[in-house]
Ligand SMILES: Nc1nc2c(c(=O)[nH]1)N[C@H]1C(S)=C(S)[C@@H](COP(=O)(O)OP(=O)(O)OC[C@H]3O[C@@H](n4cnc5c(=O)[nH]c(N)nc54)[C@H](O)[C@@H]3O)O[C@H]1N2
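As a starting point, one isolated chain is supplied in structure tokens, in the form predicted alone.
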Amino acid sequence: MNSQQKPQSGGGLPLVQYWAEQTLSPQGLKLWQTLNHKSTCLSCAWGTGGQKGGFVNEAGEYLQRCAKSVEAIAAELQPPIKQGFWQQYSVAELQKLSSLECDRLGRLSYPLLLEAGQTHYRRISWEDVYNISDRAFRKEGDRLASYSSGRSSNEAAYLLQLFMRASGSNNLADCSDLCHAASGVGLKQVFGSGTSMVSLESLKHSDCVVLIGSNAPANHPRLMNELIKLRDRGGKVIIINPQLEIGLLKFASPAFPIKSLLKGGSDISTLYLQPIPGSDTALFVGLQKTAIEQNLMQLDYLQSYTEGWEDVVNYATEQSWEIITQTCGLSREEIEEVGYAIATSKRVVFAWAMGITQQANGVDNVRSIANTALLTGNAGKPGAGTMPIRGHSNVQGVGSMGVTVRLKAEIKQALSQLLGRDLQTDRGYHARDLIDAADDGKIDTLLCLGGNIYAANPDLNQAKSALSKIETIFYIATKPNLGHFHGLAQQNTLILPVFNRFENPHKTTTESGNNFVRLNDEGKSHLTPQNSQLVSEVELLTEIAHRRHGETPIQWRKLQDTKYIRELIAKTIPGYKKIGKIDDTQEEFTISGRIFTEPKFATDSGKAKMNITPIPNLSLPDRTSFNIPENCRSLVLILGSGRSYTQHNTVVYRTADKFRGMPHRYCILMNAGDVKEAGFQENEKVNVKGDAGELQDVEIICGSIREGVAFMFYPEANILFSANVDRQSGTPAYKRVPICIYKP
């Protein structure tokens, strides 16, 4: 695939073609029925759904579905895995499958067990499942752990943490630990609240959006409509990303058919900066320095609504432009142009994704963005503020329900009263700590509510080894994934099939990335009782809890009524009071205490707390540290791993990435200058080596990425590197991985 074959804008015809293909497929009718079902989109946290209808967003706007939704739903509408499959294929054979091939096997339809010493999964009954779970969860609380993802409901997440805490465990790891934990930690330090302070309605009043470390056209297509409307009203969109993504330059949205057809799409970026990965704090200190030197700092605002601002201002003033520009790889003129554009705008939203958080200094990155927002007076007013962009559709809701090792004091107090015991929260394993603890033999039982803890982690060899030391692992899922075949327990590995969100026999709720709670209607599965034995997540978790704890400390089976769960959520989770009446009122709502439309924040003083964010000292190892053969062509680069345009987290829906010109999963995107410097050629096959592993026969693709930087697909690239973790959040630095590319 050469550059001439790549689309000239994001979105557009490839998406329309995909919609048409799926509509004309045998499952087309069921697909459209599901798209219109009153339940939240399975894809990103910007998705649509709920009681306003499948195509309607939280602002009541219609036609807001994207191709990500169709991909996710189409995968869930697959038929059950064929009879005899598990007897025919051994685990060793299944380990040869790719992520796409795992997903294409079909829907899981009955419980499976792989026992120590066996080569094949076998079918078991639900009674067998509960007997195994009863034994597995009678371990000490410190030796029990869970891992979860945002595909679950608020009700299932609440049950999970309630059961784990009743069992004496605070080891509530979540997929957000591997992606957006730095946002929560950093924003809580500054504003006392760890989520977006910007609602969708508020975003509509912005005149400038700064989008940092995000490929929204691929991962949050719904956001692109808002950026198009902002540009139409004369606003600015400033992009900060080492990679030049075509969809961030121009995007053809089906919601604007005339622009898409006649103009080839809408212009998105006003200014586009390509900094060195991991240098964002240096860039934002430079933006702060610009506002100070150009006398555009909002001094009255800082004095009235913030604390610690003097230290931040003094630090930015003292930093030399030489240090700032050398660290971030941008010129002073570039930084000053963007700084002036921000400081002279009236209402600026700072939005970011994993390019900011998946760094060794992710929390500092987040706080440096918050400091810049405060320095320019852009926090605590409509149309302005900080807005982390979440990936999973309910990953924020899972955290709100208390699935975290960092439990809020008020939730701890309420849950302690509910469970009749003091909760242990002074220690606990987040996702990376969990893998290390398992590797040290400290975990006996792991319950995975969705997700793919194996493939989502760095250093896949370590992840596989660590999981193999856990006695019993329960994987709750709708379809097979890589973890089910590689993340095998020491004694018992169970795969437990459940209904997905639009199939549940009861109502559930989810939370958007902008703090909006949606109500999902009951549904019906296309898998019939004759060919499946699915249960709901709620039924499964309550029965496991009942078998372990009986009627104490609460009546667990009573919690199979999700309305009752919502009543408990209303009593114990801050800002969720309205959920207790949502079945009667049908009123979806914005969570209270999170959207700041005036500069009074959720800190003890009501003021934002600013602190210095030090400029990082970035360096790269030389080629000798990679222990590669001498006298071969080689080049050391910074690798950023990420998803393709047809991927949702670790689930791959299609192999090629047309928008980047990458024809398959084993490509490395490089700057043409770097390719020439090392004596390579485009399409040449090379070896790529990190500090933990190596990939061979990786094809070079030239693309619009800054010199010294490369891009490969996640999770395939995870084999290359160990976890360089942000000490404050526990999030690994997936976006700054030193690698050596060489030709043996």
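So that there is no doubt, residue numbering starts at 1 and follows the sequence shown. Keep in mind that what you see is a predicted model, and the values were worked out from it rather than measured.
Here the subject shifts to the form predicted in complex with this ligand, a form of this protein not shown in this document.
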| item | value |
| --- | --- |
| 4.5 angstroms heavy atom contact with this ligand in the predicted complex for Asp364 | no |
| Non-hydrogen atom contact Glu76 with this ligand in the predicted complex at 4.5 angstroms | yes |
| Close approach of Thr650 to this ligand in the predicted complex, 4.5 Å, heavy atom | yes |
| This ligand contact at Pro277 in the predicted complex, heavy atom, 4.5 Å | yes |
| Contact assignment for this ligand in the predicted complex, among Ser202, Asn215, Thr306, Ser345, heavy atom within 4.5 Å | Asn215 |
| Contact residue in the predicted complex, from Asn219, Ser266, Gln462, Asn492 (heavy atom within 4.5 Å of this ligand) | Asn219 |
| Contact stretch among 603-611, 337-345, 442-450, 317-325 - heavy atom within 4.5 Å of this ligand in the predicted complex | 442-450 |
